[in-house]
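So this first bit is one chain, no partners, the form predicted alone, shown in structure tokens.
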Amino acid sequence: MHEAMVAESIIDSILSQVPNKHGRVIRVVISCGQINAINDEAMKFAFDIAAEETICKDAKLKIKHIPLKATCENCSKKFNYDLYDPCCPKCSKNDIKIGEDAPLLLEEIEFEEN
């Protein structure tokens, strides 16, 4: 369960970026690509555990999955790649070139001031 290491890293990043640690974090948004093996349920569980006894306790974690981009080598159509339907939506061929997967990013931190 690498989600625990990712969650701890996110909490460490938040704590290192907060100039004064008097406010409370109420919402955190991260994004990741489709191939990145983040399980939403495991990630939220790990985040809640890592956030205990920090200003992030009880913060809501939102995970945005960035679609993987692909280009059809047959008709040149660019589209969001679907892992469960790996064919071009225009010509239905599966001769496609897959782009880079989006990295895991900490996008937003929302605070509630005391």
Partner chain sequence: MKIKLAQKILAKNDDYASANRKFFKRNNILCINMISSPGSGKTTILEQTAKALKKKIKIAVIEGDLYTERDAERIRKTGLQAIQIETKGACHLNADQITKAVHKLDTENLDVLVIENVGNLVCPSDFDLGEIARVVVLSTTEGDDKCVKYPGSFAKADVLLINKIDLAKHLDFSIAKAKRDARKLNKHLKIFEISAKTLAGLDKWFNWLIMFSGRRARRPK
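In this text the structure is predicted, and so the values were computed from the model without any measurement. Numbering follows the first chain given and starts at 1.
Same protein, other form: the form predicted together with its partner chain, not shown, and the subject of what follows.
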From 36, 76, 54, 80: within 4.5 Å of its partner chain in the predicted complex by heavy atoms is 36
Should residue 30 be counted as a contact of its partner chain in the predicted complex, where contact means heavy atoms within 4.5 Å? yes
Is residue 67 near its partner chain? Define near as a heavy atom within 4.5 Å, in the predicted complex. no
Going by a heavy atom distance of 4.5 Å, is residue 86 a contact of its partner chain in the predicted complex? yes
Would you please decide whether residue 105 lies within 4.5 angstroms of its partner chain in the predicted complex, comparing each non-hydrogen atom pair? yes
Within 2-18, the residues that have a heavy atom no more than 4.5 Å from its partner chain in the predicted complex: 2, 5, 6, 9, 10, 13, 17
